[in-house]
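Next up: a single chain in structure tokens, the form predicted on its own.
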């Protein structure tokens, strides 16, 4: 459906029923699949034929939804994972191993920061964090001979910094490595990083793509544009024989368009098993069908709340790239002309204690760890999602201890503002 608009892809992408087949994507709630002969199944294990034999690796329901997300992002292939964290880990670990190095924006979600700084460090994968506003020289200085990927978020959670995708893509490509972008907050409705040079795009589908707080999940989309064989020495997992699959060379057999996702599916999903359930994939697809309708409303509410907060005497600072006063406004307009997301972060005078008191007075806005939902929710990152970070790390990421993140849902913006106003009072 490459010639159709985003709206049509959201509704009908990924799955076209045949004569007499289900109009809605079917839920294939089965762990395994039957074959007539061992030879038929053997072809699947040898990656000589396409099909299904065990849902831990692939499932038709998941593949339909992954195909839709690939169409939305303009990628060549995609896969679903059990969570956004699993998607980011798979995307990185698919091309990194012990002794590898990653360059990452310092302004990323706390859980992903911890994944890179702590968990993957234990696996022998080192990360250098750079400011999303790093100069070309500072960015180039972060690379090493063993650098294998660059990672960032389109709009950082919850600092709401906007990544200069073209600059980071150029730096990555100048050093022969791919740029991996987490595009969870804007979604492909408001930004398509591949069009700006990104090579791999990840999502926590739990957020806006689902949009209703019912199904945890993640997705990885490959642009199909990075030439792995041109940098064969850096990516042996893709460019040299895989002994666990009879010596197959992914980049040769599946080309630029299919190598990355095939390896991530047949190798990482096989061994680590972070599969999204078919039931969750079905729920995710229901959310995707209205994504193009919901995102403009989230942006409208986020913009209204940000403008209100910016003028309030008890608010020290507001972070929202849709504000003309925001340092990322010009960059946001470049990459996300229709707006980014409905998430606003702001700091109240009085720090952490004032933030806690404010949230305790809210009536419509619920205190939740969730974000990007149809219902408005808020939290103090320093005491929840980012509590594993030190105050120094929080400040470096642009997340002071008194910061509040509010995710504007689909309610009436007047009601949201009135609730925030009474809580501030």
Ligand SMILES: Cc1ncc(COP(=O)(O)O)c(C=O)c1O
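Numbering follows the first chain given and starts at 1. We call the rigid core whatever largest set of C-alpha positions still superposes within 1.5 Å between the two forms. Quantities reported herein were computed from a predicted structural model and do not represent experimental measurements.
One more form of this protein, predicted together with the named molecule, exists but is not displayed; see below.
Comparing 239 to 247, 335 to 343, 215 to 223, 97 to 105 against the named molecule in the predicted bound form, the single stretch with non-hydrogen atoms within 4.5 angstroms of it is 215 to 223. At a distance threshold of 4.5 angstroms between non-hydrogen atoms, residue 109 is in contact with the named molecule in the predicted bound form. At a distance threshold of 4.5 angstroms between non-hydrogen atoms, residue 132 is out of contact with the named molecule in the predicted bound form. Interface residue remark: residue 184 is counted as part of the site for the named molecule in the predicted bound form, having a heavy atom within 4.5 Å. Using a 4.5 Å cutoff between non-hydrogen atoms, residue 276 does not count as a contact of the named molecule in the predicted bound form.
With the partner omitted here, the residue from 88, 190, 301, 285 that has a non-hydrogen atom within 4.5 angstroms of the named molecule in the predicted bound form is 88. Proximity to the named molecule in the predicted bound form, taken as a non-hydrogen atom within 4.5 angstroms, holds for one residue of 331, 292, 175, 207, which is 207. Interface residues of 133 to 167, taken as those with a heavy atom within 4.5 Å of the named molecule in the predicted bound form (partner not displayed): 153, 157, in sequence order.
Taking the rigid core as fixed, one finds a CA shift for residue 55 smaller than 2 Å between this form and the one not shown. Once both forms are fitted on their core, a CA shift of 2 Å or more is seen for residue 385 between this form and the one not shown.
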